[in-house]
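Below, in C-alpha cells: the form predicted alone, a single chain.
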C-alpha cells in the first residue's frame, strides 16, 4: 500500500495590506494597538474587488509549477478547500482544473471546511493514494473571509486575512510519512462561527442586510460573519488538547518525539493558552501569523512554508498539525516533513 508525502508548499497573498496604522486611522476608538498585541497580528492581506479565493489558489499553484517539481500532466487529483466558492454551481475545483491546464483525466472536488480544512485535505489525499485512486495530488486552499466581515466589526476585522496555498502530495513507498489522523465534529456549536444569511436556509434580503451593534461595540448584519469569541475559546480549550493526546496515543509516541507543533493560526491569545494546556515547549510551538493574520484553511500550510523559509523546519522532522474552528470541526495529524 502506498503512503502520502508532502513534497512542496507554495502560497499567494493578495496585495492590499490592512495594518495597525490603517485600522487606528479608520477607527480611533478601537485601540487597534492593544487588539494587535492580544492577537499577535500586525497586518492582514485583503483580496481586491473581484479577486476570488480561486484566484489566490491558482496563483499559489502556478508558483508550484514554476519550481519545476511538478508538471501539469502529472496531476491526477485536485482537492480545493474553501468556504468562499466562486459560484454555487459549478464546483470551483472544476474551474481551477481548466485554468491550470490540468488533464481531463484529473479528478477535481471542492470541500467546504474552514480552519480544520487542511488537515482534512491531507487525510483525503492519503486515502486516495492508499486506495490506489491517485498518485499525484494538488491540495489547494483559498479563502476571502474579508468579504464576510462588516467594516465596523473589530472582533473579526483585526483577525482575518485572505490567502491561497498549494500543496504537492505524492505517493511514496516510504513508511511513516503521513498519519495517523484524528478527527472531530460538534455541530451544536455551528452558530458560534457563522455567516447566517446567503444560503438556502436564509437567503439574503433587505432585512438580513440591516446591521446592529452589540454590547461590545461590534457591528454586523446577518449577511456578515458572526463569531462568538467566548464560546469559540471554550470549545478550543476543550477539543484541541484532547485531540493532541488522542493523536499521540494513536501514533504510540510521546510528545518529546514530536519535533514541532503547527496549529491553526487563530490568534496569539488562543495559541498561547493551547500551548500551555497541551504542555508543549515554546521552542517546539511554531507561530506565523503576524504578517498575514488568521487565514482560515490556509493557515497551517502558510505557517509551514513561512517557518521553513525562516529555518525553523528541517527535513525529516516529525510534525503534529492541528486544525480547529468553524463547524465546530477539528483534526490532527502527524506528518514527516
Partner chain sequence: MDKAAFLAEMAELLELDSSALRLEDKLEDLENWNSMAMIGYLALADSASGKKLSPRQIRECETIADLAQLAGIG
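Note that the structure is predicted; figures quoted are calculated from it, not measured. Residue numbers count along the first chain shown, from 1.
Form predicted together with the partner chain: not shown, discussed below.
The single option of 35, 306, 292, 70 touching the partner chain in the predicted complex, heavy atom within 4.5 Å: When the partner chain is considered in the predicted complex, the option within 4.5 Å is 35.
Name the single residue among 246, 234, 219, 223 that comes within 4.5 Å of the partner chain in the predicted complex, judging by heavy atoms. Looking at 246, 234, 219, 223 one by one, just 234 meets the 4.5 Å heavy-atom criterion.
Are all three of 157, 160 and 193 close to the partner chain in the predicted complex, meaning a heavy atom of each within 4.5 Å? Not a single listed residue reaches the partner chain in the predicted complex, so no.
Counting only non-hydrogen atoms and a 4.5 angstroms cut-off, does residue 63 reach the partner chain in the predicted complex? No - in the predicted complex, heavy atoms of residue 63 and the partner chain never come within 4.5 Å of each other.
Using a 4.5 Å heavy atom cut-off, state whether residue 284 contacts the partner chain in the predicted complex. So residue 284 does not count as contacting the partner chain.
Does residue 207 reach the partner chain in the predicted complex, with heavy atoms at most 4.5 Å apart? No, residue 207 stays farther than 4.5 Å from the partner chain in the predicted complex.
Would residue 229 count as a contact of the partner chain in the predicted complex, using a 4.5 angstroms cut-off between non-hydrogen atoms? Looking in the predicted complex, residue contacts with the partner chain include residue 229, since a heavy atom lies within 4.5 Å.
Please identify, from 306-314, 293-301, 41-49, 273-281, the stretch that has a heavy atom within 4.5 Å of the partner chain in the predicted complex. One stretch meets the cut-off, namely 273-281.
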